Ligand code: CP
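The chain below stands alone and is given as structure tokens, in the form predicted on its own.
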Amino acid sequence: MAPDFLTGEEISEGLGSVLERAAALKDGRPRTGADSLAGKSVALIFEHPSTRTRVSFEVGIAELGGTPIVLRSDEMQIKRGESIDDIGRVLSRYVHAIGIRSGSDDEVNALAAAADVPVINMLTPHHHPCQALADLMTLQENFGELEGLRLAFVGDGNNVARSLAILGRAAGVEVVVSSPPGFELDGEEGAILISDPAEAVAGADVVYADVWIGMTEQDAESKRKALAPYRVDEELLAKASDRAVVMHCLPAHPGEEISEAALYGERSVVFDQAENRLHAQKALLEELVE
């Protein structure tokens, strides 16, 4: 059975080696990684618009010597009723791995079940493991060790929070998620749930924000009102550790979920996170693609 990357749990035992390889690829050593996907193709299915995910995967596959094949859902027969199972079966005959960014976790799971090649979750409503992998790489760069770090995620208990909890647990990072009633993470992933953002951030090494309104959400104004006390700004950051860094998976809305000073200030590692999507995903591809 092909090794998949759907929630992040699949590589929990080998997480350290993947992060080590990602750092080596970023540093350009060894340069033999340039041909690790030579002669291989990876299909990248996008049901929603994307900036970082699309560019980082396309560039990463090309830098490893492979061929990325970008497929938008409106360019595929899925719009005419072809099943996701059949798409998995067919693509497995052409490519060596499939990445998918989808609005349905069930669809991604069905694709993985039908495909004979590795399937990578590039984002679903419940999981964003590629982002969490890059985030752990960024924290390792900044702190040297991951074990014992405290990460406070402030805002909606969403897919990014869930993936940070799952992969953070594997890395020894204590993940605290602070959300208003009705927007909590379920906690089954190992996160500590604290409703008061000031308490959640107290002594934290990492303060993490994410957008409040997703691409397909309807009642945006009531959600903004509920999340207003959960903005990451200078006042909240003052409660964190003196060495704390600020994270955000982007795109950001300065003045909404995060202040401009926090997003662009000297504590921010936000754009390091964005860059590290490239390196972490290259290491992941090497791990998964035979």
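None of the values given here were measured: they were computed from a predicted structure. In this text, residue numbers run from 1 along the sequence as written.
Beyond what is shown, the protein has a form predicted in complex with this ligand; the following relates to that form.
In the predicted bound form, this ligand sits beyond 4.5 Å of every heavy atom of S36. Put simply, P251 is close to this ligand in the predicted bound form: some heavy atom of it is within 4.5 Å.
At the 4.5 Å threshold, heavy atoms of R231 stay clear of this ligand in the predicted bound form, well away from it. Although the partner is absent here, P49 is a contact residue: one of its heavy atoms lies within 4.5 angstroms of this ligand in the predicted bound form. Of the listed positions (N121, Q131, T138, S178), a single one reaches within 4.5 angstroms of this ligand by any non-hydrogen atom in the predicted bound form, namely Q131.
When you look in the predicted bound form, the only residue of S241, T53, S259, T67 with a non-hydrogen atom within 4.5 Å of this ligand is T53. Just one listed stretch, out of 242-250, 36-44, 58-66, 260-268, contacts this ligand in the predicted bound form at the 4.5 Å heavy atom level, and that stretch is 242-250. Shown here without this ligand, the chain has no residue in 163-187 lying with a heavy atom within 4.5 Å of that partner in the predicted bound form.
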